[in-house]
Structure formats: structure tokens, C-alpha cells
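What follows is one chain in C-alpha cells, specifically the form predicted on its own.
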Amino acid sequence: MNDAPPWRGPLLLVIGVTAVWQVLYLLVGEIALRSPAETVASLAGLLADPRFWPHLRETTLAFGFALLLAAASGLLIGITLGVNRFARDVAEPMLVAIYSIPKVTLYPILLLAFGLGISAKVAFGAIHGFIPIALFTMNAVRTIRPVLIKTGRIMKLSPPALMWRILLPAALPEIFTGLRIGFSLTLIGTLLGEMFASQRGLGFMLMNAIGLHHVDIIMSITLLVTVFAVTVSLLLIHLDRKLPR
């Protein structure tokens, strides 16, 4: 029996979500929702508006820097704690405690430190994503078979070489899972940063649309962000399944 084609699951998901969306639209009406067809048409009009692209570039740039910062810091902290038991015992409860704090409460501090520019959005996105990446990386490195690390030390590998040639390949599948979660949380953090205190970006446009009850813009931006997030997440899941365990 042949396996199902890889596109069947995403296609069924799109059909199911669209059907539920249409039913909700019929129940709620024009006050709070737009139909799928109307939203797609509105998004097409938004993409054709040259005033929209600076906002999209601002969000893309902030998210890209935030994700890069979250991934780099999360991997560095996770690997360091994974190979050092004492540091792990001290830092792990602190990371978990910080992760449980609502990040919104930290945003005023970030605004004071970085101002209203793109730096605050980058920092706010990064603090959402780096802790999950650090925790997954730490646990992945911690569970590596000790014989692999001992072999690297017998071969007199330097710490960077040990990390690059043994630790990262052995822990890569679990690290990749942390990166998937970090991607989603960093995107959420970046958009939230734009919604609270920003003068550009998709989050800024969403807050303006909410204040003006502009349902078309709200639905269009929500659809755009959802399609982007789901597409990248499905791609990362596909790559994750291809990694050797």
C-alpha cells in the first residue's frame, strides 16, 4: 500500500480551516469577521498598496534579527549548561523562573533601555525565543552518551571542535525541536512589541485597525502572518523528520 502524498495533510488542514472559517462568518456576520474570499481579496489589495511594504519590511527585519539573536544566545547558553553540571544546577531554575514571567511586564524596561526604535522590538522578540532554545539544547547535550564526549577528549579536541564535531551533531534533532518552538515564540514577541509601542510594522497596523474597527485590515494581516507561520512551521517539521536520530 502506497504512503499518502506529503501534501495531503496540509491540504486537508487548509480545507478544514477554511470550512470552519466560513461557518463562523455565516454565524457572526460582517461585524466581527470577513469571509475567506473577502479576506483574500482584501489581502491582495493590501499587498498592492505601496504604503504597506515599509511596515512589512520593518517587521521582517525586526523578526529576523530577533530570531538570530534568540538562536545564537539560546544555543550558546544551552551548550554551556549542558556540559557543565554545576552551572546547569544553578542556572536551570533561574531560566525556568524567567520563562514563567509574563514578558509583557518586561516591555517597559526594554523601552527605557532601547527606546521606541527597532532595538526594543528585537529584544522583546528575542527574550520570548531564547529560553526554550536554551532549555531544549541543554537537555539535548545533557543526554548525549558520555562515551562520545570521552572519545572527543581522548582525541584531544579543543572545546570549539568538540562542540562542532560531537555535541551539535549528536544533539541536533532535539535542538531543532527547540528552534521550531523558538521560531514561533520569537514571531509572537516581535509582533507584540510592535503592538505596544511602535510607529511601524504589522503589529502597529493591527493596533490601529483594532482602534478603528477596520475588520478588513485585521483579517488580512492575521491571514498573512498565519500563512507565513504555518508554512515555515511545516517546513521545519519536515526537516526535523529528515534528521537522523
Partner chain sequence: MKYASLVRLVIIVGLIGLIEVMCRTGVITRFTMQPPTLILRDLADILVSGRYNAAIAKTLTNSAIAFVSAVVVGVAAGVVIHGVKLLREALEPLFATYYAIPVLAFYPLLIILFGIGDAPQIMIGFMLGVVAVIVNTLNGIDRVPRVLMKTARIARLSRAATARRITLPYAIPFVLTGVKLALAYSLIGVIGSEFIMSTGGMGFEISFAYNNFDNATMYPLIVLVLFTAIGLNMIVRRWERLVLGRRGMQ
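Numbering follows the first chain given and starts at 1. In this text the structure is predicted, and so the values were computed from the model without any measurement.
The same protein also exists as the form predicted together with its partner chain; that form is not shown, yet it is the one meant from here on.
Single option in Val28, Leu68, Ala37, Ala44 placed near its partner chain in the model of the complex, where near means a heavy atom within 4.5 Å: It is Val28.
Position in contact with its partner chain when the complex is considered in the model of the complex, options Val147, Ala161, Ala113, Ile154, heavy atoms within 4.5 Å: Of Val147, Ala161, Ala113, Ile154, the residue with a heavy atom within 4.5 Å of its partner chain in the model of the complex is Ala113.
Contact label in the model of the complex: His55 to its partner chain, heavy atom within 4.5 Å: Close contact is absent here: in the model of the complex, His55 is far from its partner chain, nothing within 4.5 Å, heavy atoms only.
4.5 Å heavy atom contact, Thr143 and its partner chain in the model of the complex: Outside the cut-off, so no.
Exercise: Ala48 in contact with its partner chain in the model of the complex, heavy atom 4.5 Å: Because no heavy atom of Ala48 falls inside 4.5 Å of its partner chain in the model of the complex, the answer is no.
Contact flag, Met207 vs its partner chain in the model of the complex, heavy atom cut 4.5 Å: Met207: contacts its partner chain in the model of the complex.
Region of this chain that lies against its partner chain in the model of the complex, out of 133-141, 99-107, 170-178, 73-81 [heavy atom, 4.5 Å]: Stretch 99-107 is the one.
Residues in 58-95 with any heavy atom within 4.5 Å of its partner chain in the model of the complex: In sequence order, Phe86, Asp89, Val90, Pro93, Met94 come within 4.5 Å of the partner.
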